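Heads up, the chain below is alone and in the form predicted alone; it's given as structure tokens.
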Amino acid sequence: MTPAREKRLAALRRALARRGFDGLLVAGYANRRYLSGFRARDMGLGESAGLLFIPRRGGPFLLTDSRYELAAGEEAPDFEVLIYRSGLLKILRPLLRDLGVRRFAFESAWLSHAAALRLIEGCAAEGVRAEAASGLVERLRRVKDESELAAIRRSVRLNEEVFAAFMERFEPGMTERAAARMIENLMIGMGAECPSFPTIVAAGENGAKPHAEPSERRIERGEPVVIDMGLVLGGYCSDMTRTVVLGRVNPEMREHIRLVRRAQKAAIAAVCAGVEACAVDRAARRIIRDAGHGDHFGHATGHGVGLDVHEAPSLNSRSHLRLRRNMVVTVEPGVYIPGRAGVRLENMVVVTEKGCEVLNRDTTFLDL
């Protein structure tokens, strides 16, 4: 087992001991990959691609069906693979009995209500308490190790290369949907596993919708276009937003872009180990509010990125979570003027003891 995975499992077992659990049943895709390396995504009701069982002592175990037997052995060689052929409980209950488990947690966020009830009732028949829990693995994932940081850096770099290749081909008259499709085709063609979320291309008034869906609207010369894109490489996500203009930028839009850039720089300057997440949000929001656009910035300033494109921590106005070294977050303030246009700029940063490292290198889009 790699040293990184040994540390993750040891930290999880300490967390289980503090809570008085004898083990954890892991159902979330990203959590399974983080702990074991197993990559199958088809989760169904928690009994399709498989689950992990991490006991406080012994194991660990990967429970899956015959479709994934070969992949499980290759991708999670340090886990004992148990194949179930007629339902999870028929293999889980004997395992719990052999391990002497009396009380364990399961990831309630990743199982349907019906599957959770089956699990609770089926284990109760054996005198074992199955209790819903959440966040045990996600809390570990907030701080990245060096192998994760290296993977995220590669993902960010490729994302920027895709953006540069797209901008060489981007021209007025393209529809938002065609532009988004081109970006995602370039991602796959240049080596990404997949997009980390559906690509956003939002021109003109559509840019005022933070999560706009690309449409058949044609992009005109001189109007702002919000491009929000990310990809998965080596399991790890990237996330980047640029606001671009094909042709001359009108003075009002130039000022809006510069305003958002000032807010982004202020937030980046506020990022540091020990700082509360809400302080980063406040730094960006103050700049935008003082410029008279406080009502035009409604979402959080950023979020964590890793195996999931949206994960903890959240840089929002309510979060008093203190940032820690090697957390990876986005910094993405925006200004959205209904019926007219929107601007968002997003970079990814790694929290350090003295500030942060900005992972994005490309700043040419800021020369307005």
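Here the structure is a predicted model, which is why all the values come from computation and not from measurement. Position 1 is the first residue in the sequence shown; the rest follow in order.
If you look for the form predicted in complex with a further copy of the same chain, you will not find it shown, but the lines that follow are about it.
For a further copy of the same chain in the model of the complex, the listed stretch (161 to 169, 241 to 249, 97 to 105, 115 to 123) containing residues with heavy atoms inside 4.5 Å is 115 to 123. a further copy of the same chain in the model of the complex comes within 4.5 Å of a heavy atom belonging to residue 213. a further copy of the same chain is not shown here, and in the model of the complex it never comes within 4.5 Å of any heavy atom of residue 63. Although the partner is absent from this view, residue 290 stays clear of a further copy of the same chain in the model of the complex, with no non-hydrogen atom inside 4.5 angstroms.
Not displayed here, a further copy of the same chain is approached by residue 192 to within 4.5 Å at the level of heavy atoms in the model of the complex. Checking 327, 309, 335, 35 for any heavy atom within 4.5 Å of a further copy of the same chain in the model of the complex turns up a single hit: 309. Of the residues given (139, 181, 286, 153), 181 alone sits with a heavy atom within 4.5 Å of a further copy of the same chain in the model of the complex.
In sequence order, 132, 134 are the residues of 122 to 146 having a heavy atom within 4.5 Å of a further copy of the same chain in the model of the complex; the partner itself is omitted from this view.
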